[in-house]
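Take a look at this one chain, the form predicted on its own, written out in structure tokens.
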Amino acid sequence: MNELKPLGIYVHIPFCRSKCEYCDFYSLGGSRDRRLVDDYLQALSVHFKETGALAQDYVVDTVYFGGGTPSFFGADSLRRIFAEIQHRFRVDKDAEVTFEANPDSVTEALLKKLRNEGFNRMSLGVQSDRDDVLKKLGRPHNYEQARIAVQAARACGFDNISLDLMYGLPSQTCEQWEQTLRHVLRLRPEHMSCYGLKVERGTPLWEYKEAVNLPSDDDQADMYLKAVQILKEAGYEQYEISNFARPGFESRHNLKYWLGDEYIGFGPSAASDFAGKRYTNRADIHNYIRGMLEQDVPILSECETIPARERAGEYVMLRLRTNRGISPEEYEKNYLMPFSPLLDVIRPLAEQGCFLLERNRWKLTPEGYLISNQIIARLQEAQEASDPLAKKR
């Protein structure tokens, strides 16, 4: 019998109490339509059945419920979905099972039900410790609710809690951001995600962004470096650009994305990288339901087979997001391409403090992370120029 391959499962829950001012993820704000929820659960069940048959050689070692707001969706619906996953897939007994939550929809009853069902990790969207800022962002909670949610999760047996924070918020100073970090660290989370606010076209915030006194790019960079410093001092390792964890508490599911491992996404807008193909579901719950239940409309917005040479570019782009970095030996062995053209780009940047070499792996420094998009673009240009097959395409 062949050894089972690891697989991650992502389930998108596109329901929220309300849409935040900055959110560009696919979700439906407002009350939950019971018929729509029931149809969605049925569609997911069909999708699990169809896909589970194709994953007989895999063992699911991570399950992630994202959104939207899975906690708003309710414990009973989440338990029903997870039970169906366990029925259709081989799920490891030590699988990491995460659900995202907003503080306003976390209750003791929800936490007890999910913990008893096998959920063992909560990712809580705190974003700020200042209630006036939370209100400006359209967040449906206050900071005290976040503190109570963490306390309740501990009491219900959750010993792996991740907190999300945002910096670069309206009128925020670096000193205020430092105060927020030190305040939130009193909750003693195992994991922290710190994201700079990005104002995306199509969101409400985009329409009035000039009127809310957003920090400059330089100010955001200072806030980022301050987070790296404070979290390191507090015992958190930066294992990805925006993610920090105590030893042993890295997000195993999210690492699949950054390390090029296989995962399957279910629900509208969910992406997959499975069996050599990458595909994404259309961001439309009604299309998803109809496509699964009536089988008369396609649910995918894109699907492509990824050649090995393109995977080489992804290896550089994704691994450099993490503290694992890239290995010349690994690169040349897996992709049959010379590493020397990349080294010509890396060495001058290392002299500028953007790269460091540890155990024959090149990694970005925090200063390198700040300009990672430009660095990765230069590396991919070097890859393209050195690839004889690319010149023929």
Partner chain sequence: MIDLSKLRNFSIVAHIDHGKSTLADRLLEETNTVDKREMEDQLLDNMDLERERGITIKARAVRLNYRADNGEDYVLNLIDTPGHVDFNYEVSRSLTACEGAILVVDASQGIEAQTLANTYLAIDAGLEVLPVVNKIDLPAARPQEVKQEIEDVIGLPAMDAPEISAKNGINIHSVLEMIVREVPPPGGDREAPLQALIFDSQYDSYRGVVVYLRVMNGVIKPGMDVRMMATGAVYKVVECGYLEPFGMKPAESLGAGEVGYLTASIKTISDTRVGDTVTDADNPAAEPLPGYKTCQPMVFSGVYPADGSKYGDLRDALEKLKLNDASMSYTQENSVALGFGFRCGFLGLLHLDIIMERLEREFNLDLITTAPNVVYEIDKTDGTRLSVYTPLNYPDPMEIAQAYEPFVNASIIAPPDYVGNIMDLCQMRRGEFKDMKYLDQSRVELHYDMPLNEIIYDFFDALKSRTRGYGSLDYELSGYRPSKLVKLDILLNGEIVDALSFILFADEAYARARKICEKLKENIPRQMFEIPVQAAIGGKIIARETIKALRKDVLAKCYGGDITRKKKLLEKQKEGKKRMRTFGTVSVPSEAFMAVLKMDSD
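These numbers come from a predicted model, not from an experiment. Positions refer to the first chain, counted from 1.
Another form exists, predicted together with its partner chain; not displayed. Remarks below refer to it.
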item: One residue of Leu225, Leu231, Val212, Cys156 in contact with its partner chain, assessed in the model of the complex (non-hydrogen atom, 4.5 angstroms); value: Leu225
item: One residue of Glu314, Asp104, Glu178, Glu117 in contact with its partner chain, assessed in the model of the complex (non-hydrogen atom, 4.5 angstroms); value: Glu314
item: Phe25, Glu304 and Ser372 all contacting its partner chain in the model of the complex, non-hydrogen atom within 4.5 Å; value: yes
item: 4.5 angstroms heavy atom contact with its partner chain in the model of the complex for Tyr143; value: no
item: Its partner chain contact at Ser128 in the model of the complex, heavy atom, 4.5 Å; value: no
item: Its partner chain contact in the model of the complex: Ser18, any heavy atom under 4.5 Å; value: no
item: Contact flag, Asp92 vs its partner chain in the model of the complex, heavy atom cut 4.5 Å; value: no
item: Contact segment among 289 to 297, 270 to 278, 73 to 81, 178 to 186, judged by heavy atoms lying within 4.5 Å of its partner chain in the model of the complex; value: 270 to 278
item: Any residue of 247 to 267 that, in the model of the complex, places a heavy atom within 4.5 Å of its partner chain; value: Asn254, Tyr257, Trp258, Tyr263
